[in-house]
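This document opens with one chain alone, in structure tokens, the form predicted on its own.
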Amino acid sequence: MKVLVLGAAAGGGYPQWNCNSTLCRRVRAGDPAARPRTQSSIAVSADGARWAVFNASPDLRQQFNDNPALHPKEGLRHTPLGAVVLTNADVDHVAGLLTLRERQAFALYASGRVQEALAANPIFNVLHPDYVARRALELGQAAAIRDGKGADLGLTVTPFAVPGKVALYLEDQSAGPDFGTREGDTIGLKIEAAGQGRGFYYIPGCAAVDGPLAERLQGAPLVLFDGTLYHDQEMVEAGLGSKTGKRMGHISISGPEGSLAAFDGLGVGRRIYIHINNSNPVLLEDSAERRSVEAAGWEVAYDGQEIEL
């Protein structure tokens, strides 16, 4: 099974178009310790020929062009893309669907909650139903991933609820502190290839590592996990925004409730941070924060990273 990191950054990318912070200025200056990253997405293939994309980033067109494995291979209209699988309805995970509107057959998988959100927004009707099969994932139920014509891609995903939050544009301010969040708004995925071992976990958005999630991840060979912020007040203290990580539905890396502490003792073989905000100093290869996560056995994902299981 092959995994391509198409984009490793959180919403806005790195550098974000309107961000003039030190981190973003270093990217624009060509600093080799500050590599640019597009918005969060991965591609997975069981055979190296047919691919499923997990989360459709606004940068999807660039990501396809930057990765030869996803280029057309035959005829005038072709793609090795067979399916798109979504973990939530955030803009940085669904906007790329509009790029895929060219009457190309593929299947679109998401939780029932996310499928409802897409169906309620008429702009996504550009994905013509004659070509794009929308299929709901059932939490806790393994699903064989098939392309738009029903051909098996050799991949199985098992979706499960993780602590999170409803997408910003779907928040109900009158619904209380959880803004109307319901099960299925944010999911994690176990991704497996038939006959190729135990698979891996993809969790780009997560608010906390609770008991059930910790138990699920115990001893996993590989986890790609939410690395949005290094600490909860990061954006507020940097003057880049008014929201904490908790308010956005993202666990922080550091601190007693952070992911570094939560993963300690879980015995995960390989741990990679993905969905990293442009305010997060782990993006800088010469930062103290980067050294701290690497010393704890973590990697920081980058665009074009290839992983083989």
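A residue's number is simply how far along the shown sequence it sits, counting from 1. The model shown is predicted, which means the values in this text are computed figures rather than measured ones.
Although it is not shown, the form predicted together with a further copy of the same chain is what the next lines describe.
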Tell me, which of 101, 134, 231, 216 has a heavy atom within 4.5 angstroms of a further copy of the same chain in the model of the complex?
101
By the heavy atom within 4.5 Å rule, which residue out of 195, 239, 212, 150 makes contact with a further copy of the same chain in the model of the complex?
239
Does the 4.5 Å heavy atom contact test between residue 39 and a further copy of the same chain in the model of the complex come out positive?
yes
Hey, in the model of the complex, is residue 61 touching a further copy of the same chain, heavy atoms inside 4.5 Å?
yes
If we define contact as a non-hydrogen atom of the residue within 4.5 angstroms of the partner, is residue 72 a contact of a further copy of the same chain in the model of the complex?
yes
According to a 4.5 angstroms non-hydrogen atom cut-off, is residue 156 in contact with a further copy of the same chain in the model of the complex?
no
Looking at 199-207, 77-85, 107-115, 186-194, which lies within 4.5 angstroms of a further copy of the same chain in the model of the complex, counting heavy atoms?
77-85
Taking 33, 164 and 262 as the candidate spot, are all three within 4.5 angstroms of a further copy of the same chain in the model of the complex by heavy atoms?
no
What residues, if any, in 4-43 have a non-hydrogen atom within 4.5 angstroms of a further copy of the same chain in the model of the complex?
11, 12, 13, 14, 15, 16, 17, 18, 19, 20, 21, 28, 37, 38, 39
